[in-house]
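Let's start with one chain on its own, the form predicted on its own, as structure tokens.
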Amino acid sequence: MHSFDVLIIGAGPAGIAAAIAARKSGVKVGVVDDNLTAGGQIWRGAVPRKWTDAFLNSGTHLLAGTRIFDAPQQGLLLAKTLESLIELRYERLILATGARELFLPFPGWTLPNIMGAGGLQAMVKGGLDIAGKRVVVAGSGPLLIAVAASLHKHGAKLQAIVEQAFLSSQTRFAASILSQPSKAWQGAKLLWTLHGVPMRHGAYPVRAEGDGRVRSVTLSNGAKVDCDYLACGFGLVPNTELASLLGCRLNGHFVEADEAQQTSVASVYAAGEITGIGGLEKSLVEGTIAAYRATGNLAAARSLDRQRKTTHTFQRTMDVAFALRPELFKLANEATKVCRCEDVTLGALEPFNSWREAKLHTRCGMGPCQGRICGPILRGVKGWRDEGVRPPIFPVDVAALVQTSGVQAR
């Protein structure tokens, strides 16, 4: 059992910033992350030196490789490591659980070597040899450019960058960030790195083909592009499962938080991508504010209000510029798999009127990912919403569940 004054879930930028800020008040701070290293999806194990040093020297207790699966009572979370069950008790909780990539199905999307844009980037950073491989990067959002630049740096032959948003929307977005020199400069550098790479605006994949792995992708503009890899992501989906289990109110897809990053549940704060997809700066400032508020350092928190508002303006601008077009949710046909874990096709779901009904008859959403991939897909394609989150929010072995019953009985 571990007890903390402030417990932070997620060791991405928001979680790291929160830990550093909370420790300034001298309280006992713990950070839990299911990855083996800190950094989250944005930094992916490559945390900038100044943040690494501050985090490691802060005295924060990091529980890496640890996954929360239940919240049986106020002030208590249950987690699982590879070896054991862990009880985590806290006075105040900061949720910085981040986001995952949104996948949208189209014929052939389950072929080997088709993966999320960020997923391929992570695999390359982890040692996958991409040098000389033909790669198409497709989907939506600024992440595509960052991923493409990273793959190019590792020697990939970029066949095309395919953005579903129209060029006019992207131009307005680019103009809007001129008032933020650091972002404008960062974007300009990435685009210069990709000079000469074909850019397809207002287009998206409609079909992938291959024998044993992807060999080509057909775009909505009629172009057919040969490739060895297709990195495809249509934005991000917030990881709100734990927040929902705790009873935090959602605003659309995101956790509702006020200017203090306080959720609808007392002593529970939220920061980063789970409150809105807004990038690195938003995650850092929200994590810092949440920690200052959680530890009573109100003056320090208020000093960041203007910075927080700036990041929220950027978030809203990005939401408008890269809003997904309705036709993207109509690409799958009856034979297209929408639940990859249980091999459930769109046609197999036709007789049903809700996700719960579909689960009972087809096991859609009941595989290892627990609906994290097909849930957002079915929300867009069928208009279905999950009717509630129940523990365990991640798959655990029976032994852990037996131990859990013992914990709750105490």
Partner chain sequence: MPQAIEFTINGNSVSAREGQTVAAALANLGICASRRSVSGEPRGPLCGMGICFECEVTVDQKPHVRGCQLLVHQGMKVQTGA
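These numbers were taken from a predicted model, which means no experiment stands behind them. Numbering follows the first chain given and starts at 1.
There is also a form predicted in complex with the partner chain; it is not shown, and the following applies to it.
Trainee: Only one of Ser220, Asn113, Gln170, Ser264 gets a heavy atom within 4.5 Å of the partner chain in the predicted bound form. Which one?
Mentor: Contact residue from the list: Asn113.
Trainee: Using a 4.5 Å heavy atom cut-off, which residue among Tyr90, Tyr292, Phe106, Tyr229 comes into contact with the partner chain in the predicted bound form?
Mentor: Of Tyr90, Tyr292, Phe106, Tyr229, the residue with a heavy atom within 4.5 Å of the partner chain in the predicted bound form is Tyr229.
Trainee: In the predicted bound form, which of 361-369, 378-386, 346-354, 54-62 comes within 4.5 Å of the partner chain (heavy atoms)?
Mentor: Selected stretch: 361-369.
Trainee: Would Leu284 show up as a contact with the partner chain in the predicted bound form if we use heavy atoms at 4.5 Å?
Mentor: Outside the cut-off, so no.
Trainee: Since only the chain is shown here, I'm wondering whether Met123 would be in contact with the partner chain in the predicted bound form (any heavy atom pair within 4.5 Å).
Mentor: So Met123 counts as contacting the partner chain.
Trainee: Residue-level question: is Gly276 within 4.5 Å of the partner chain in the predicted bound form, judged on heavy atoms?
Mentor: Gly276: no contact with the partner chain in the predicted bound form.
Trainee: Going by a heavy atom distance of 4.5 Å, is Leu242 a contact of the partner chain in the predicted bound form?
Mentor: Taking the distances in the predicted bound form, the answer for Leu242 is no, it never comes within 4.5 Å of the partner chain.
Trainee: If we check the partner chain in the predicted bound form, which of the residues in 14-40 reach within 4.5 angstroms of it by a non-hydrogen atom?
Mentor: Residues within 4.5 Å: Asp34, Asn35, Leu36.
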